[in-house]
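Quick setup: one chain, the form predicted on its own, written in structure tokens, and binding and motion questions come after.
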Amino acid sequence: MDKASIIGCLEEIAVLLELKGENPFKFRAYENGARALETLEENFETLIDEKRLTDVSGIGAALAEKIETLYKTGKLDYYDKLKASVPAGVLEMLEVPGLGAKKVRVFYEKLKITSLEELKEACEAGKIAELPGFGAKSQDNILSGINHLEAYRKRYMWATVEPQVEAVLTGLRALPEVELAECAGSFRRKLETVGDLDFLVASEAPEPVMDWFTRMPEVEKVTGHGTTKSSVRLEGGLQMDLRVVPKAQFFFALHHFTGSKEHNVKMRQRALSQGFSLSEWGVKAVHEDHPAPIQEVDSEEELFQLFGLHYIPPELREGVGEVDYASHDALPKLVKPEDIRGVFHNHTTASDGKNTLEAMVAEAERLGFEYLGIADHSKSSFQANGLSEEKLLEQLKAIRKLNASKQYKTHVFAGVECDILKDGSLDYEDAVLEELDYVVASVHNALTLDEAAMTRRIIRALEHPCTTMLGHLSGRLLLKREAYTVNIPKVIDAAIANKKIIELNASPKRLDMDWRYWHKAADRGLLCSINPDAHSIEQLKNYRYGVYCARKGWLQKCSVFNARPLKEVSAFLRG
């Protein structure tokens, strides 16, 4: 078992112990052990091999033994027995936003609630509000969280399904009967979450293609098996549909099954205005005496040309004006992943990252970045091992020394992800912040403020002269936590007025600020920084998810701060 999986196991043991009402010192020992592994600077495997785990602060002999067992065997009897002692439904309740082990234990002990369904019934019956320490508002929040969770379970993060899509497309394209194959729907439009996956194939022999699709090893259930359409459900619940059409219809069908309902309505209206009927089957004249014959196309570009339109990238096909823009050759030249020259908002083992400063820089160099920004957590983020003033300044010196050594081609900017405190002030004194190259200001606590208070809080932080950019504006965690209430247009106004950057957090679970706000904001001059919020070398590559989101927001290269070369970025930060 690798280090990340072991950390997850220790964290789950801590939760299980707290659910069972064990001594706090006992479950905190596992929390501390997980944290110690997360912030480990020395090689984990070396410590195991040399039996030096107990040298790490926070890991005693008993815990070291369990970690070694997990590492060598991938199993731990203690964990298995502990998990079996807690009803599965009790663990499921922990998935409700805002519910921790302490609250769930109260439900279990006081009301004998052992499932989400029972918890929902208790909320609806008013029983939760009667418990000490709760109340009507807490009950409403829990019920709302359960409803959100039920909705979340019907959708998947884009990045989560990407490997499955690639695997299915690779398999389809390898079949001799398949001429063309694509994944359409919300996945092709790169929506942040998808409900199901729609595959489209061009073939004159659909039966073997359908047989391959329905017999994939991952298929849990075949919900439909026809000659031109089949549907399957994978282990875990993901639904996949496959349609097979003749090649002459492929690009019409691809366009139809890619576009949102609103986009397709706009396209059909444009076709009708020119005397045509457009559908997934093709295009034909509305009236028999129309001089134009039924059209065939060899690409989507040709399909758009039929109606006097420039090609509309799939990401823009949401029915928000793209058809009108395409008719006037006014669509933007969208930013591309290869335009990104560096990234900010990245964490190291100094706070809650999994890799050292040097490892992060080495990976950035391997990715071809001209620069890398390090922004570990500030002191108030104690749950993320936030840096004291002394540790932050030590890191600053280490970064300066690393740059001076010329060990890496990638230049490192010294920054911090600075907590925006409840009153809108920043987590360090100005004298400390002024030493840094940049500051990412983010909200991490007091998420339940009302809209007016949260908006004032963030705007005050944007007005601070040391703030460079605002991190994950809404605080949302996709399919897990709703955004906190904040007036986003007002925050955008404040960022523009104070010449601040707003981050597009590229973590697949955030993608925040939402793409729906970027088009108008960028037209008004707002700068975007596409940041991966990387906590490991692997996560540095997550910037591309942010680029996809930026494309949905109509962003061009000129609006993206970290698409600028090092010289321009350095000058901006100095200014």
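The first residue of the shown sequence is 1; numbering continues from there. Everything numeric in this text was worked out from a predicted model, so none of it was measured.
Another form exists, predicted in complex with a small molecule; not displayed. Remarks below refer to it.
- Interface membership of residue 389, defined by any non-hydrogen atom within 4.5 Å of the small molecule in the predicted bound form, is ruled out.
- When the small molecule is considered in the predicted bound form, residue 195 lines it closely, a heavy atom lying within 4.5 Å.
- In the predicted bound form, residue 258 approaches the small molecule with a heavy atom inside 4.5 Å.
- Taking non-hydrogen atoms only, residue 189 approaches the small molecule to within 4.5 angstroms in the predicted bound form.
- Residue 155 is the only one of 155, 103, 225, 233 with a heavy atom lying within 4.5 Å of the small molecule in the predicted bound form.
- A single residue from the set 353, 314, 206, 185 has any heavy atom within 4.5 angstroms of the small molecule in the predicted bound form; that residue is 185.
- Remark: of stretches 381-389, 481-489, 126-134, 261-269, the one touching the small molecule in the predicted bound form is 261-269 (heavy atom within 4.5 Å).
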